[in-house]
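Before any questions on binding or motion, here is one chain by itself as structure tokens, the form predicted alone.
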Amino acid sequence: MHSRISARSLETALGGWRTREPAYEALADGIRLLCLDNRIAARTLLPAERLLAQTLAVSRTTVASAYASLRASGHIESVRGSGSVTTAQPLRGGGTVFAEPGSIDLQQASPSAWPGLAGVFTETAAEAATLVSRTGYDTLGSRRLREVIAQRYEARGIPTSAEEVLVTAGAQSAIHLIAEVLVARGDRVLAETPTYPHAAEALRAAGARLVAVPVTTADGWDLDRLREASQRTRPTLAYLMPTFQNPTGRSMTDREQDAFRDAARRGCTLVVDETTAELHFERPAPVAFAPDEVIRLGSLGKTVWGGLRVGWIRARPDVIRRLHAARPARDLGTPEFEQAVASRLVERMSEILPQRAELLSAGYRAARAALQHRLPEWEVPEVSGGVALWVGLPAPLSAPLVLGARAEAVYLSAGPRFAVDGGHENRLRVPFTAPPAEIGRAVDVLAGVWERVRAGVPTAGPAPVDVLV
């Protein structure tokens, strides 16, 4: 039994796929990226050739040739009596998302572990006898960790008590919990485009109908679109990254925050993702929104290490109680050891953040300089924090560029991966979280691939799965 994707759903997911000739190869590349990003799951039945051709307004020969190309590259297979079915792609690193030796992974947009982390693990292990004496089932979070998180908010100018904090297994778990509790099936939810794709997936899984609010590196949030969408759709919730937005790197102005406050006054709950908010390397951005205007999400994934799955929600006590009551249906708490480690780390943020700023600043300077030198026709924005550059391409060729780079063991995510409602084929997210030397080598590969892509040379070939961004 296979799952199915309709021709209309596939058309929506592909967005502006027809970015070059031959059209069949552009279509094949678009479907490849959907498979590689796990937006189309393995063993999914694709639409029949004739139906997809009618929906996309292309010839059946174009679709047949695209499917043939996908079969040749191992992304689909023909099943007698059924049609064309997507295949499971090999995972990098023998079942993990880690790249093989010699490759450069610029997909995760997360720096390597903070150097002092191993020492904190060792210190925490010395308390093992105390930790294992507890039940281990705590869906609210340890008192100590909630208190140090509250103190961290206080230091940022956000008065907070432990009763306003719920600890989760990472920010992604927090997003899922909020979506399941605060969003009903069919509710409209405002989401920036581009945005963090796993947040969009969590909201859609809860039944939300996403309403896109564009944000650009040059102009910030589209306030006309925001006002029109807010008045027309009456959204229940908005998911935002107002400080060093991922992937654009923009931070909201007071005027932009006021526009979202207007939406909140109409009954829209503002959920603010601050996982990158403290990663500034030139100047800190002011705290966005007043304490009780929004629900805030935080984690240690970007600031300390992606493998430390500890996040939290900061909200009014009544909201925390509501989320806490619903949590046991999803999980039975954040691991005690990780919480004990996190308590020590949050207390040391004044030491950790300057070190992270130095690392990210070096990566940013290396990425910007290399891109401007090797690819001067690309639009490379200036940012003062965050984890990535939202680079503008002179042509909508993000998909073939990414596929070509993968063939040379440089892994990136194409612009459409971050789109809410299609688009961004002329954008590429380039994280600056890797060491400068790796970033330089990656840009060299991109420059070579770009030459071939602009010349119309096919870039397709077998490529490993990646689903984390």
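In case it trips you up, residue 1 is the first one in the sequence shown, and so on. Note that the structure is predicted; figures quoted are calculated from it, not measured.
Note that the form predicted together with a small molecule isn't included here; everything after this is about it.
Using a 4.5 Å cut-off to the small molecule in the predicted bound form, each of Ile175, Met241 and Arg309 places a heavy atom inside that distance.
For the residues Gly392, Gly170, Pro284, Gly333, the 4.5 Å heavy atom test against the small molecule in the predicted bound form is passed only by Gly170. Distance criterion of 4.5 Å from any heavy atom to the small molecule in the predicted bound form singles out Tyr196 from the list Tyr196, Trp221, Phe260, Tyr364.
At least one heavy atom of Ser299 is located within 4.5 Å of the small molecule in the predicted bound form. The small molecule is not shown here, and in the predicted bound form it never comes within 4.5 Å of any heavy atom of Ser84. When the small molecule is considered in the predicted bound form, Asn246 lines it closely, a heavy atom lying within 4.5 Å. The small molecule is not shown here, and in the predicted bound form it never comes within 4.5 Å of any heavy atom of Ser398. Contact annotation: the small molecule lies within 4.5 Å of heavy atoms from the stretch 233-241 in the predicted bound form, the single such stretch among 156-164, 72-80, 233-241, 210-218.
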